[in-house]
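Shown below, as structure tokens, is a lone chain in the form predicted alone; questions about how it binds or moves come after it.
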Amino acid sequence: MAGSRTRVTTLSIDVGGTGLKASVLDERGRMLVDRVRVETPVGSPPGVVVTALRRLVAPLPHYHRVSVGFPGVVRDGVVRTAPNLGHTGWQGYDLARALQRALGRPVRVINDADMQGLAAIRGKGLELVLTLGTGFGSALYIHGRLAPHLELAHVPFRKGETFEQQLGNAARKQAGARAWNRRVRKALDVLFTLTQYDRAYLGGGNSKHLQGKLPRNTSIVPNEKGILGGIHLWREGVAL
């Protein structure tokens, strides 16, 4: 039909320390289908995870490009760290290239907290995103633009332990809900001192365990933002 054009769709993948999730987004970043999920094969070499992702997304609708949120430091599609996936083979692994070969589409990969935050922020001032899941993720944005990734998870936090050691899922189970909630609030205080953020957003699977009233400039964001943020990786001005 004259004047018609192809509507570009995006396969968005959220790699987590517990689950691999995916859906296809339309041009406005809305899910065209419910997300699919399988357990993450933690401890397996990267090729096993890539195969699991290929099988996971096989039933999904057609897509033209792929966005991936990954739980670690990623630069130019290459994984630098993957502490919660339990295999040394991730270090230096070109995940973007491997997935592009497996899926036959152009692929962009970014830290998972960075990707979730792109769908959560309002685009005003300095905004902080923290993801509370298997580990501890973080991302910073200034007036809607993603700042260089800071791997705060492995920075000392309290009692000689890192943010992740104090706030990850294992710590939540060991410390109990009340103590873990106090730690989350202390982390917000420490990171406010560090960054003077205007707003903070708390996501990840363990955000459902947050109790009590949060500071006025802090809100909980739905876990699906980890998928919805994938649309932003193909927009201008996003540092990957």
Ligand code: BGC
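Predicted, not measured: the structure shown is a model, and the values here were computed from it. Numbers follow the displayed sequence, beginning with 1.
Keep in mind that the form predicted in complex with this ligand is missing from the display, and what follows is about it.
Contact with this ligand in the model of the complex, defined as a heavy atom within 4.5 Å, is made by all three of Pro71, Asn84 and His154.
Annotated contact segment (heavy atom within 4.5 Å of this ligand in the model of the complex): 136-144, selected among 136-144, 121-129, 99-107, 86-94. Contacts to this ligand in the model of the complex (heavy atom within 4.5 Å) from stretch 95-115: Asn111, Asp112, Ala113.
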